[in-house]
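In the form predicted alone, a lone chain appears below as structure tokens.
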């Protein structure tokens, strides 16, 4: 496979996954913003921090829902906005059109112009419907890929890109909730706001799965374990790392070479394996999350170097 083809498939999946993850973050922001005292806590700012888009808020003062919709949904100049991600995913897909099924291409091609002409007030009024639309389009694309795409190395690159993006969004969600939003007087490892923690599960569609594993007991340690090391939940970091390892092993067999990225993904796996049964929360969730983010970023760069992106 040509390196530019692999790169386009890799980044197409990352952009589409980022668009869906950002839509999920907007849902979380809406949930947290209706809680008592949300204006004082400036909850919408946390949504910008997760995506690294806080610098786009330049007017000062608290971050409002309108600010976040403008920056994360509509802004074509922000590379992390849903609008930009869908446009870039479509551009990547167009470059590798012959590698996609008709249904995959239609899912991309019907998405990229959706927000053209949307005004800010209109987008705010229709925000729940727009969020559901983004999540649905991403699901349609994944379903089309799952049922129709050949399981060649192009599929491997696509799945690796999506898994990296999904793992990093889960990590950033945990980090912002646990570290950035803590009141200065709170002690790390102490009591946490029940609704803020469960809002993270809602953002990742993990409420029912979490309840199946832990029953009705909601605690920060259990939630962090569930989202970090549970290997059965599709949006957990461990599940995503399992996906990366499996597809990287397929690429190694295809090319007959073990690259540095294969060692790095094993390093992430071992880090998570050592953090089961509450160990991650006890030794420092923020530190572990930052280490995982650093390793996954390094691995993405190593994949690009190893396969000549």
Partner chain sequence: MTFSEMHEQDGAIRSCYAEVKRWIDETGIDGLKGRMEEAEAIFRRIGITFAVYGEGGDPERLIPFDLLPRVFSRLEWERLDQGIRQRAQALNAFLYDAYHRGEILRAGLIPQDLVYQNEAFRPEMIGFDPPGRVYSHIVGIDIVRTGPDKFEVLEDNCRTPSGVSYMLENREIMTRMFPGLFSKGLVTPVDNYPALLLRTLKEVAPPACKRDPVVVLLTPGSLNSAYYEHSFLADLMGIELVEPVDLFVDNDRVWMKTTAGPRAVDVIYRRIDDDYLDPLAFRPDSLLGVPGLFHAYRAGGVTLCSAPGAGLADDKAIYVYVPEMIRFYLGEEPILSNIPTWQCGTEAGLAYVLEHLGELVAKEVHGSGGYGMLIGPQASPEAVAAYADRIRANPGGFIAQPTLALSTVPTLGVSTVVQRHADFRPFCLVGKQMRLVAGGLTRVALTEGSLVVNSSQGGGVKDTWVLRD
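Nothing here was measured: the structure is a model prediction, and the numbers come from that model. Positions refer to the first chain, counted from 1.
The following text describes the form predicted in complex with the partner chain, which does not appear among the structures shown.
- Shown alone, this chain has one stretch from 108 to 116, 137 to 145, 123 to 131, 199 to 207 that lies within 4.5 Å of the partner chain in the predicted bound form by heavy atoms: 108 to 116.
- With a 4.5 Å cutoff on heavy atoms, residue 97 counts as touching the partner chain in the predicted bound form.
- At a distance threshold of 4.5 angstroms between non-hydrogen atoms, residue 156 is out of contact with the partner chain in the predicted bound form.
- Mapping the unseen interface onto this chain, residue 263 falls outside it, with no heavy atom inside 4.5 Å of the partner chain in the predicted bound form.
- Contact check for residue 255: a heavy atom falls within 4.5 Å of the partner chain in the predicted bound form.
- With contact defined as any non-hydrogen atom lying within 4.5 angstroms of the partner chain in the predicted bound form, the contacting residues in 283 to 309 are 306, 307, 308, given in sequence order.
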